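To begin, one chain is listed below as structure tokens, in the form predicted on its own.
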Amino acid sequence: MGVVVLMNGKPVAPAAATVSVFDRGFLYGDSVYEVIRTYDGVPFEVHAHLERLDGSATRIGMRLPVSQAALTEEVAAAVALADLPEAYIRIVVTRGSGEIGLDPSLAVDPVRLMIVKPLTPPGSEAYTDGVRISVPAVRRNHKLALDPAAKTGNYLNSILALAEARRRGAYEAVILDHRGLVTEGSTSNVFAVLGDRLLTPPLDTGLLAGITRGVVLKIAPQAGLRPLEVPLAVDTLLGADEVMLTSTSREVLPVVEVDDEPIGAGTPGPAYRRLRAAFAEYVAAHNADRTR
């Protein structure tokens, strides 16, 4: 069928899927969201994604309008309706509409929106040749100002960072915190390999707990790597044997250059290949467990 849209759980023609100009998600970015993908038509780690959605809502003082169980059923229904080989699923929950003003108590009638469309992962060359990343001047929001652990509709910080990276010809931005430590990419988590160690910044640095990040930390020993959550400096990335990005749509992606400085041999390395293989095994087991 192609693109499917659900508004408050009901299918709506994409052209008719609209929200009020008074909706706080539109006016202020006062919303939370998740992105899920499928493998062979099975939503991947859907429960972890919906748990994070609920956690994001809690962090900004919202309550989801329906239960996680109800959202799980809506995801399954939307995926079945779309009938795509592989799907990208975006769930957005806004605080609602009301009188214009910052006070959250003005909001009524929260809106939940689900979009299912064809998945468009990076091209195969990104996995065979690797990608370039850049470290922009834009810094990550301080977690005491706007906690990056909440996946909200306010994405301007990441938009500005990615725009700067793209002007430099890079694929992704890796954003530093106020101390100059690596946090995450604009839409990805960051890993560095040194010997048999797989390093990634800890969550308390101020970053989103990526679902794929969590899977990679779990399967790292299977790839012969010791996962460690430690603060990362830019120099650590530059001196790493390998660097990788992870995200829902990208899975595990090799980085071969940081701001014109090659990483390791400047090509995707053996740790990346082992992690990719371990990730594929994890996906296969995940799907087998959910289709029995």
Ligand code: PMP
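Remember, predicted model here, so these are calculated numbers, not experimental data. A residue's number is simply how far along the shown sequence it sits, counting from 1.
One more form of this protein, predicted together with the ligand, exists but is not displayed; see below.
Chemist: Might residue 71 be said to contact the ligand in the predicted complex, defining contact as any heavy atom within 4.5 Å?
Modeler: Heavy-atom contact with the ligand at 4.5 Å: absent for residue 71.
Chemist: Does residue 200 reach the ligand in the predicted complex if we count a contact as any heavy atom within 4.5 Å?
Modeler: Judged by the heavy-atom cut-off of 4.5 Å, residue 200 is well away from the ligand in the predicted complex.
Chemist: Taking heavy atoms only, is residue 247 within 4.5 angstroms of the ligand in the predicted complex?
Modeler: Yes, residue 247 sits close enough to the ligand in the predicted complex that at least one of its heavy atoms falls within 4.5 Å.
Chemist: Is there any non-hydrogen atom of residue 94 lying within 4.5 Å of the ligand in the predicted complex?
Modeler: No, residue 94 stays farther than 4.5 Å from the ligand in the predicted complex.
Chemist: Considering 107, 161, 193, 208, which brings a non-hydrogen atom within 4.5 Å of the ligand in the predicted complex?
Modeler: Comparing distances to the ligand in the predicted complex, the residue within 4.5 Å is 208.
Chemist: Which is the contacting stretch out of 75-83, 218-226, 148-156, 94-102, given heavy atoms within 4.5 Å of the ligand in the predicted complex?
Modeler: It is 148-156 that comes within 4.5 Å of the partner.
Chemist: If we check the ligand in the predicted complex, which of the residues in 110-143 reach within 4.5 angstroms of it by a non-hydrogen atom?
Modeler: The one in contact is 140.
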